[in-house]
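Let's start with one chain on its own, the form predicted on its own, as structure tokens.
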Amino acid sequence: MNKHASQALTEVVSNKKVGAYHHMVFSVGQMAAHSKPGNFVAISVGGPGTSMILRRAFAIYRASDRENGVGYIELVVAPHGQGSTWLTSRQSGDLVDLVGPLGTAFGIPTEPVRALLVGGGYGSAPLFGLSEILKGRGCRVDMVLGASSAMKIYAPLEGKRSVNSLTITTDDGSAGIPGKVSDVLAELIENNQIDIIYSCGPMGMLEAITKIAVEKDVLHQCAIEEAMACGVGICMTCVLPIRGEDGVVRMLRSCIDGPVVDGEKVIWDSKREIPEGTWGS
């Protein structure tokens, strides 16, 4: 597990509805100092006596560390199920049981590179903080945001301000270019001479990006969105077949060995089955 992870009863500082999502800020103390783009938190939902015994995992949107141990973590939450709906109903001053930071983070280059950030729906959240870090390292940063409709594109104006260029795609054509993010990647990679792709979003989108990245010989780091029942490596529900540096395929835990992984190492076509030849099978 992430060596900096800790459990804390955190206060909700603010909860604002932004389009189809909620932007929430939590006061987390020293936890913020160790939180990096790609990390996530696991939150206990439902309150005392609830039947929802499993925590819910949420990617960290931003983390800000201030003096005297004051720190904040920001999340973008889509109220889909019972757990996320309960969380988005919290008000300022409410207390929430939170474990974090968890998982692996995006790798930051030591020298300036040309980076392409690709996000799907609210999955784009961790890419905004990543963009700020990359820009601070002198990198050129281009971004693609995609969703089913304009309402589900998170913070397009912020995206436009934080990168060199922003491309938007929507399935229904209500904003930007009609289609999926994968439809515009090849041209962007060639025109902007991209060195590395960072992505976060639905698994199908990540698989499509990986195929293009391999064809174009571009590095691809992706934050995978496997369902996580515990978030701390105990339950084994988020295992995914990943090929190691030694060429051996192993069933690795997304919450511990991920969520950020090398897209080319993931066995995307396993379709939730253990591939033949996997270690230990």
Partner chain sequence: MSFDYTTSLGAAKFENPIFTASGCASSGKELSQFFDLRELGALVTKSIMIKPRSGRATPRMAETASGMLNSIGLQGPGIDIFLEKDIPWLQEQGVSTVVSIAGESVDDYGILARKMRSVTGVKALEVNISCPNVENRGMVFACNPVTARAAIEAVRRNIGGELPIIAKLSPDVTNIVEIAEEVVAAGADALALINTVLGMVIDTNTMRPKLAGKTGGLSGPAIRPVAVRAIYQVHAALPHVSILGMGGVTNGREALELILAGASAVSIGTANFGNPTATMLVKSELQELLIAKGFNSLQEAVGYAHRAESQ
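Numbering follows the first chain given and starts at 1. This one's a predicted model, so the numbers in the text were calculated from it and none came from an experiment.
The same protein has a further form, the form predicted together with the partner chain, not shown here; the description that follows concerns it.
Listed stretches are 212-220, 22-30, 65-73, 233-241; the contact stretch with the partner chain in the predicted complex is 233-241, by a heavy atom cutoff of 4.5 Å.
Although the partner is absent from this view, I53 contacts the partner chain in the predicted complex, with a non-hydrogen atom inside 4.5 angstroms. Contact annotation for R272: at least one heavy atom lies within 4.5 Å of the partner chain in the predicted complex.
Taking the partner from elsewhere, A227 is found to have a heavy atom lying within 4.5 Å of the partner chain in the predicted complex. The closest heavy atom approach of V77 to the partner chain in the predicted complex falls outside 4.5 Å. Residues M251, R253, I256, R272, E273, I274, T278 are the members of 243-278 with a non-hydrogen atom no more than 4.5 angstroms from the partner chain in the predicted complex.
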